[in-house]
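The chain below stands alone, shown as structure tokens; this is the form predicted on its own.
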């Protein structure tokens, strides 16, 4: 990626507005914060499975599971329980950051290969 493209990308990230209602903390938070349930609006199994996988890779996480409450609702419920060294909120943030980094890496690698060329296209 050229230096100019990196500057444009960074500006877009800095100007990005966040939807504060995207993630909600559901009732059932433990007193010490090691267990919590979250609801993510307008998401489905695509995010749920990838996020659950990355959160479970964290050795501080005891359990992470997700569910879609009803097929007609675009809501994703995530439950996280940790061993106590970090909170469920921290585990969620680390999982989201890890997923974002993974997606960025995949996109950059794909774009590098496309720009490098040297591939063939087979029309069906």
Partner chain sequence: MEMRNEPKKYRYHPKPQIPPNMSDIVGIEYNRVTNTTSTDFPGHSSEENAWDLEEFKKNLQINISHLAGRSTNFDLINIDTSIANAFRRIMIAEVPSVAAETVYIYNNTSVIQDEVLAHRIGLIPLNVDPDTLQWIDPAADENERFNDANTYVMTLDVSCSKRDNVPEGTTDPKILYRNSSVYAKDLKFVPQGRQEQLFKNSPVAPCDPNILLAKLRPGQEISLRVHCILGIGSDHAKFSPVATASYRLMPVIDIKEPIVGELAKRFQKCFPSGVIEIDENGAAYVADARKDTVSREVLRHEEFEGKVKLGRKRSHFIFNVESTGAMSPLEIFLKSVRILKNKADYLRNCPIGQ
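Residue numbers count along the first chain shown, from 1. What you see is a predicted model; the values in this text were computed from it and never measured.
The next section is about a form of this same protein that is not shown, the form predicted together with the partner chain.
Legend entry - Single option in 74, 67, 49, 30 placed near the partner chain in the predicted complex, where near means a heavy atom within 4.5 Å: Only one listed residue qualifies here, and that residue is 49.
State yes or no: in the predicted complex, is some non-hydrogen atom of residue 86 no more than 4.5 angstroms from a non-hydrogen atom of the partner chain? Because no heavy atom of residue 86 falls inside 4.5 Å of the partner chain in the predicted complex, the answer is no.
Quiz prompt | the partner chain contact in the predicted complex: residue 53, any heavy atom under 4.5 Å | solution = Yes, residue 53 sits close enough to the partner chain in the predicted complex that at least one of its heavy atoms falls within 4.5 Å.
- Message: Contact with the partner chain in the predicted complex for residue 81, defined as at least one heavy atom pair within 4.5 Å: yes or no?
- Response: Flag for residue 81 set to no.
In the predicted complex, does residue 35 come within 4.5 Å of the partner chain, counting heavy atoms only? Residue 35: no, not in contact with the partner chain in the predicted complex.
Next item on the list: Pull the contact list for 63 to 99: residues with a heavy atom within 4.5 Å of the partner chain in the predicted complex, in sequence order.
Entry: Contacts from 63 to 99: 89, 92, 93, 96, 97, 98, 99.
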